[in-house]
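The chain below stands alone, shown as C-alpha cells; this is the form predicted alone.
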Amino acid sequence: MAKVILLNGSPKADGCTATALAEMISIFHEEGVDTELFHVGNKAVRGCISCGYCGKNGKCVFNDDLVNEVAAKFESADGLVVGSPVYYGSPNGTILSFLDRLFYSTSFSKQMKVGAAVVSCRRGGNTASFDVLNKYFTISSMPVASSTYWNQVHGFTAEDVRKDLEGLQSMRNLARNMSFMMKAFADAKEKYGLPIQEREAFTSFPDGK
C-alpha cells in the first residue's frame, strides 16, 4: 500500500490549511493510500544552525520538534504533502524552518517520492508561497503533483474554505493525481528501476576565476 505523509504548517489544528488537507485525506483513503498527518505549525521549531551534526550522525541535532520523527516516516513513504498558510506572501516561518532541517538532515534518496504543496490564504500571496514550497521537491528529484488549478484554497476561516468549492475540488483532484503517480512510480520502479543520477559535478568556482 502506498503511503503519504502530510504536514500541517498552520498553528491551527482545524483551520483553513487543515480543511484543505482533510479533503485530500478523504480521497487518499478512497484510493487505498495510507496517510499520516503531522501538525507542525504549533511547535517551537528553530531553524538550521549549520552545525554539521546530521552529516556525521544521520539525524538533526535537535530532537524537540518532530523533525527526526518525521524523517523516519518520510524515508519509507511514497509521497509528501506540505500545507501552509500564507504569511506576508510566503509560507509561515515554522514550516520553512522545519523543511530546511528535514530535507538537509536526511541523507536517504528522495528520488521519485511524489511531492505536493498546498497553500491557504485569505486573498493574495498564494502562488508565491506555492513556488517556495515546490523548490524543496524539485531540488530533491521529487516529481511534483498538480491539480486542475494551483493547489490552493481561499478563506479567512475553515468555514470560508468549505465554501471555496473550486478550491476543495482542486484538493480532491490533487489527491487523485498524487495517488496515481505514487502507484505508477512503484510499478515502474519494479519494472525498470530508478533513473540513473549523476552527482560528480559540484559548481562552486573556489579558485575565484
Ligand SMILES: Cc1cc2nc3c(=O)[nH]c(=O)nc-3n(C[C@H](O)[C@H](O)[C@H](O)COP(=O)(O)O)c2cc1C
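This is a predicted model, so every value here is computed, not measured. For every residue, the number given is its place in the sequence shown, counted from 1.
There is also a form predicted together with the named molecule; it is not shown, and the following applies to it.
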Heavy atom of Tyr149 within 4.5 Å of the named molecule in the predicted complex: no
Taking the named molecule as it sits in the predicted complex, is Val86 in contact with it (heavy atom to heavy atom, 4.5 Å or less)? yes
Should Gly155 be classed as touching the named molecule in the predicted complex when contacts are defined as heavy atoms within 4.5 Å? yes
Distance check, Lys189 to the named molecule in the predicted complex, heavy atom within 4.5 Å: no
Given the stretches 117-125, 68-76, 95-103, 132-140, which is the single one in contact with the named molecule in the predicted complex, using a heavy atom cutoff of 4.5 Å? 117-125
